[in-house]
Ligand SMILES: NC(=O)c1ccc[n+]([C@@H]2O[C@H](COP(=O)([O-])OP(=O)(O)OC[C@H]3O[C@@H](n4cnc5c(N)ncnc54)[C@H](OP(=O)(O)O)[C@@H]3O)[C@@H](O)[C@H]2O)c1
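Quick setup: one chain, the form predicted alone, written in structure tokens, and binding and motion questions come after.
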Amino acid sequence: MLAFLGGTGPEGKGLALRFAMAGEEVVIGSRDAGRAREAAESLLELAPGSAISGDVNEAAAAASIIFVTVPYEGQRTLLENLAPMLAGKLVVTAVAPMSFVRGRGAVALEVDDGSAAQEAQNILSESQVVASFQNISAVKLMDPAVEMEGDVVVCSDHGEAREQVIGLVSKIPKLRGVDGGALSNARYVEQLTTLLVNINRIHKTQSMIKIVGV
């Protein structure tokens, strides 16, 4: 089972949809149980299958793989509260720290630990944190008629966990997981997300990345 903490937001909800379409059992966790229930019901309408709602504690306890898709400003509080429950589990963070500045668009935020992913690993010292899915268009994810196409960089200090997430990526047709090495490399992927947001705003599109030569 896959749990999505922040699964009522566009990225978490979109990823939950795609994995439900791929036959995975998913649970959506939210601080607001009503919003989680609404999100699960909307997923069932788009892709009939197993989408289960619940609060963040229920989701964290139920699943073996946890996706963190909350805004960066909510990450620390969420993970500090759930750290004991997430011990021994694989935690995938798709968080990209950024803010929006009038006249400049999206701006990457500096993180003391180097990246949101490294911050997550420092908080979750007994979990295996993997950084991935930051560069995927939430708009495309939420439209089941749209074929996803692009590469997903996967970074972690835990080799087996990294390979497991690369395998998960392949469950979404036409997406490819690319081994991005150590978790310290996640900062570059997170910052690239900010660039893509600005490119999308300028060109009024939903761009993703593709790595050639690999």
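This structure is a prediction, so every number in the text was calculated from the model and none was measured. One-based numbering along the sequence shown.
The next section is about a form of this same protein that is not shown, the form predicted together with this ligand.
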Among the candidate stretches 174 to 182, 159 to 167, 146 to 154, 62 to 70, which one is within 4.5 Å of this ligand in the model of the complex when only heavy atoms are counted? 62 to 70
Taking the shortest heavy atom distance, is Gln121 within 4.5 Å of this ligand in the model of the complex? no
Distance check, Ser53 to this ligand in the model of the complex, heavy atom within 4.5 Å: no
Would Gly74 sit within 4.5 Å of this ligand in the model of the complex, counting heavy atoms only? yes
How about Ala108 - does it come within 4.5 Å of this ligand in the model of the complex, if we only consider non-hydrogen atoms? no
Using the arrangement in the model of the complex, list in sequence order the residues of 80 to 96 with any heavy atom within 4.5 angstroms of this ligand. Ala94, Val95, Ala96
